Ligand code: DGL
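The data below hold one chain only, encoded as structure tokens and taken in the form predicted alone.
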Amino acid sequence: MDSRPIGMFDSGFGGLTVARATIDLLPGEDLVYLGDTARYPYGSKPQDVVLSHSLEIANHLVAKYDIKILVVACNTAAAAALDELSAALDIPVIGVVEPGVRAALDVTESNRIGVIATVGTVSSEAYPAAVKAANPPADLNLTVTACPGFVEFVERGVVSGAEVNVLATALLKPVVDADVDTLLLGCTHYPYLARPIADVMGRDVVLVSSADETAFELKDLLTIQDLNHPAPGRTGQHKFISSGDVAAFKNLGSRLLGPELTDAMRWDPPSR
């Protein structure tokens, strides 16, 4: 048993979808969440820059908060840095790519799966690699497309309206044309845009978010490695940190996450 907190980070607000699922599934666990809002978005940055940012955040969470496990709640960071983080840290590290892929493979009936993600995640080819590693059906058809602009809308708190609908219609055309029956939201920001995405895709297409699947994997890993908090039934404590405007993070973050985000602290990253 281990009373240390779970550590989690994202480039900004998107990882709060994973935080929400974790708090709901593991209410007795303490959580420290860091949103790197001063340096978002990660999706358009070179992979070596994302790797550097990820290592800085991970080292800060380990040194400052003595976390027992790290959740990389950012698809771009998971694609760029998961292996390096796992090698560098003495604690377990999990990402959001593989859990989402497994869920999509379980859901699809036509074996036509779409993945939407940031430019950085798409260029890393992390999703085709994860699908291949999962031993997919021989007739699987995978369509992966980038959706630049989605993250920026969410980071501004804009999750509906004409501008979002126009952008979604244009960006989702490749997966619509591919006639997918399952769409994996390959960025933790994208669940906040689920309604306009669903409107474009149609009611017959299942949207898969990796947030819930990652929380389930986290729960299993805590049990397997005997890292659960020793006091069952307690209410966990949650800390939220931003590298940018703390007041803005608190205001938008509380709208996106819920009542658990009552305050936020500031972290100044070594590099910007």
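Start at 1 with the first residue shown and count on from there. All values derive from a computational prediction rather than experimental measurement.
Omitted here: the form predicted together with D-glutamic acid (DGL). The next part is about that form.
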query: 4.5 Å heavy atom contact, residue 187 to D-glutamic acid (DGL) in the predicted complex; finding: yes
query: 4.5 angstroms heavy atom contact with D-glutamic acid (DGL) in the predicted complex for residue 41; finding: yes
query: Residue 151, heavy atom within 4.5 angstroms of D-glutamic acid (DGL) in the predicted complex; finding: yes
query: Proximity to D-glutamic acid (DGL) in the predicted complex (heavy atom, within 4.5 Å), stretch among 136 to 144, 68 to 76, 176 to 184, 107 to 115; finding: 68 to 76
query: Stretch 210 to 229 - residues with a heavy atom within 4.5 Å of D-glutamic acid (DGL) in the predicted complex; finding: none
